[in-house]
Each structure stands twice: as structure tokens, then as C-alpha cells.
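Only one chain comes next, encoded as C-alpha cells, the form predicted alone.
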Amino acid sequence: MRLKVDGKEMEAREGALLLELVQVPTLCHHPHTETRGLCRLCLVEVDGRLSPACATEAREGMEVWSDTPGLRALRKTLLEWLLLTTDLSLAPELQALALALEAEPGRWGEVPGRKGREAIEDNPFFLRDYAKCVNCRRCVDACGDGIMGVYALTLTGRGLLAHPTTPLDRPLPETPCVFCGNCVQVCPTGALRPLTEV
């Protein structure tokens, strides 16, 4: 099929995601977990409407824009809110992107967030530091349908305070967790990290 991306004609295979055709930042997307289009960093303009590139299939005749002033402003705002609510000290790629987009989180004032949450060390293998969690849900998906199918991680809370946890908030050794480390591998911000790195 043929479509236009950033003003240029392109060919794409049937079923290709727009993410395969454009260069945009991603956060919640990971090739080994289910794509949900949650973080919105990869939004592109498709025929005048916003669509997540990680969850939108290419279509014949589609016109896609991946880097407009409006999209840059949107990505900048998203990163500002992440910086306000979350400790991104172990996420150098997000910090670099925020710098490139000239993010100014201070312009929003104070908002409730995850910063200051105590890290949970309830097993001998890895730390759960939800102050650094951006709620991308990669870990939950890796533990569940995406890779392992053991469902030792789930979500709790709503909005800015939503975060992964264990069922009934039990210590990890009391869940079906087999400590495979897949959740640690897919975490983009160091919210889950090996104790050997702490």
C-alpha cells in the first residue's frame, strides 16, 4: 500500500504499524509486550487527527505527520508532567528528550505524584521503586499476557496515582512471581531494578 509520511510518498506492508514508518519517541511501547498506546509520546497526526503510532496500522492513502509544532508542544507537556510527578533520575533517554523539547515542568506548579514513595525491597532479587514508575504498564504486561502469564503484578489507584503493585498488595514472594526478571528488563525508568544495581 502507499501512503504519505511527512510529505513523502512511502510504501508499507499490510498490517504495518505507523511506528515502523516514522521516527517518534516512545515510552509504553516495547516489542515484547502488548502495545496499548498509553503514554501518548508517539502520537502522530493522521488525516488531521491524533493517533498513537504504536497502535495505528498504516492504511492506503493515509497522510501522516510525525513532527509538527503541535506534536512537539504535546510531547513537551507530557514530559513536563512526567518530570513533575515522577523521579526520572534513572531514565536518561526521557531526560534527554525533555531537554531537547525545552521542557519547563515548573510552569505547572505543584501536582500530586509518585515522588517520595518508599521503595519496596521484599525479595532478594529486585527493588520496586514506584517513585520512578511512569505507569507504562510494560511490567504488568510482561508478567501477564505479554511474556510470562503468571500475573504477579497488577495495577492499583487511578490517574496520576495509579501504579503497578502485587495482587492484594502482598509481598512479592507471596505471589505467583517466579523472579524471571522480565518485568525488570522491560522497565524503562529503573522503577524495577536488580538489587545488585542499587
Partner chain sequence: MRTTCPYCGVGCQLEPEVRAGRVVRVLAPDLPPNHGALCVKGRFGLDFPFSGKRLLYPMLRERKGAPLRRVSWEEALDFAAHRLHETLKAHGPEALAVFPSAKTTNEEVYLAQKLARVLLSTHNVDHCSRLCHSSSTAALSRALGGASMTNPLEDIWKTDLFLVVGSNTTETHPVIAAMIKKRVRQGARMIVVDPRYTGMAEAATLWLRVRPGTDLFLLNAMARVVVEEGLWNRAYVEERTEGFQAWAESLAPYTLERAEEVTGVPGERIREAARLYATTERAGAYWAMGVTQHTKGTATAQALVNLALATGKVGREGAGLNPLRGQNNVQGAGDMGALPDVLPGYAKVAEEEARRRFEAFWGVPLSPKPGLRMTEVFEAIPEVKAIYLIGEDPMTSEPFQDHTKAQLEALPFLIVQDILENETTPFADVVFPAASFLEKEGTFTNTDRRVQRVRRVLDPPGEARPDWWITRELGRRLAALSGRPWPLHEGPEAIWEEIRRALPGMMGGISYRRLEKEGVRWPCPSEDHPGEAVLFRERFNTPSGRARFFPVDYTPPAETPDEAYPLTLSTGRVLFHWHGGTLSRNSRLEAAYPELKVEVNPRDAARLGIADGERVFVVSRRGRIQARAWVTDRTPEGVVYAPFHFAEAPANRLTQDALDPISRIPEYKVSAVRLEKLD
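Residue numbers count along the first chain shown, from 1. A quick note: this is a predicted structure, and the numbers were derived from the prediction, not measured.
If you look for the form predicted in complex with the partner chain, you will not find it shown, but the lines that follow are about it.
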Joint contact, 126, 146 and 197 to the partner chain in the model of the complex, by non-hydrogen atom at 4.5 Å
yes
Counting any heavy atom within 4.5 Å as contact, can you tell me which stretch out of 146-154, 37-45, 131-139, 66-74 lines the partner chain in the model of the complex?
146-154
Look up in the model of the complex whether residue 32 has a non-hydrogen atom within 4.5 angstroms of the partner chain, and give yes or no.
yes
Can any non-hydrogen atom of residue 182 be found within 4.5 angstroms of the partner chain in the model of the complex?
yes
In the model of the complex, does residue 4 have a heavy atom within 4.5 Å of the partner chain?
no
